[in-house]
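Let's start with one chain on its own, the form predicted on its own, as structure tokens.
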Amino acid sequence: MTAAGANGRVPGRLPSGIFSAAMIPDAPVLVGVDPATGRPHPPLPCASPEDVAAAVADARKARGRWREAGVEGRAAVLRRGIEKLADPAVAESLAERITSEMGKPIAKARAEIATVLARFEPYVERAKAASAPTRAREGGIEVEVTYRPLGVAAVIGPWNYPVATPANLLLSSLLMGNTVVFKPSEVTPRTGLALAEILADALPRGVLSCVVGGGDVGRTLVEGGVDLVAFTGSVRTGQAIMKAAAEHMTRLVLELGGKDPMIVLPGADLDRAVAFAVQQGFANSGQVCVAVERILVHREVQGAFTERLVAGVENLTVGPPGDPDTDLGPLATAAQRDHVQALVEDAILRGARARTPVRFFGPGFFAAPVVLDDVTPEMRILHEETFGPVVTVESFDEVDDAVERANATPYGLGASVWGPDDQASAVAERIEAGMVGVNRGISAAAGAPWVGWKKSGYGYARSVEGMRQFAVPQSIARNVASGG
């Protein structure tokens, strides 16, 4: 169920509003690969430019009634779609798609779906708060500020969290009154299609459509007259979207790459810090935008920290993602496996020491978790986003040096600092990142925004102010009686 078609053929429509695919011999197709086996999935037809234009046009037609439904009305309709994810059969089918398309261990795939259910009601409450008008008076003037939907949003999702991350953007867009055309990652198109169908089945026609394809389809969508582009992915693609959006001044919400540092001070609880490094460095095989990639440890505790870190990593199980006991499945694609391998080999060639066995193996795109120390600034791995199961360990003597090195990156998404609370808090305030954890990981709890500095993002989401990124404020000034 995808927007597909070629040769001017008009695709059919399902009641859900998702375009149906017709296998056309000369139509472009996506041929994904099961990352655990290397075997190809059946080909999936891509959307044509005409399909993308039709999806945007449908969204444009549907936006008036959807806007008029109000937050409560929109939430009630969306809730019917979200509640389908509570059906064990629906959730399991979606989890299996995640596993087969990008290699996430099945237990982690199930947990990803559960997060969408858990986040829905808080999103509704934040949308209500974000949509509420504000009023202020000055002299004889009263100004009312309302937050109006932008119109048609393009949501372009990533492959590493192909349900949870698109759901964040879809719900933000839809709850704030926009209609949406969704393009899932070309790595996980079937997962994206399934998510879109679950949600769209409860929605009026045109409110949510889904188009499938590679970068050409994404480019057509971005250039297709939408009012907002919400994208999660690489810096390079984010920059291309910004250039394409500039012509029409299209609004943007971009979550891009990360190279998150973790600073460990003297006096830190090493057991807690190591447990966090193992979890946050290797979850999803390191394919997380806020994964710990660089660990800076005070020389006083470096030896003890590194020994415990190596022991913890050696306890991780790499194996088939369908096995519920697997900690790390394969990397999502051959290209990602090759990128990680190239960074590790470059570091070792330049003198880094691998504290754990370095193994890249198949069938599929498996990589054993790696801890590297003796890393130096000329190594690519200290500057390029790894997005794989690798962490580097560096030592420092002075806190100023640790802060300088932590900030010496074009990225600024997440970070964490570990040590006595007052000292760790003081260091955290000096880190150039949108989200910093003190003796814990980052969090969007309590309505905090999910936001990056520098090349890690443009705009933000999840908080009340993040919800307003999906709307445009309009101020209306009126005369009022003085003293009234």
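Every value quoted in this text rests on a predicted model; they were computed, and no experiment measured them. We number the residues from 1 along the sequence you see.
Another form exists, predicted in complex with a small molecule; not displayed. Remarks below refer to it.
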Notebook entry, point to check: Counting only heavy atoms and a 4.5 Å cutoff, which of 116-124, 135-143, 310-318, 239-247 contacts the small molecule in the predicted complex?
Noted result: 239-247
Note to self: So the small molecule isn't shown here. In the predicted complex, which residue out of Ser131, Ser185, Ser100, Thr409 has a non-hydrogen atom within 4.5 Å of it?
What the structure shows: Ser185
Check: Looking at His383, Lys84, Arg219, His298, which is the one with a non-hydrogen atom within 4.5 Å of the small molecule in the predicted complex?
Finding: Arg219
Check: Counting only non-hydrogen atoms and a 4.5 angstroms cut-off, does Leu413 reach the small molecule in the predicted complex?
Finding: yes
Note to self: So in the predicted complex, is the small molecule close enough to Val253 to count as touching (4.5 Å, heavy atoms)?
What the structure shows: no
Margin query: Quick check on Ser234: any heavy atom within 4.5 Å of the small molecule in the predicted complex?
Written below: yes
Notebook entry, point to check: Using heavy atoms and a 4.5 Å limit, would one call Gly214 a contact residue for the small molecule in the predicted complex?
Noted result: yes
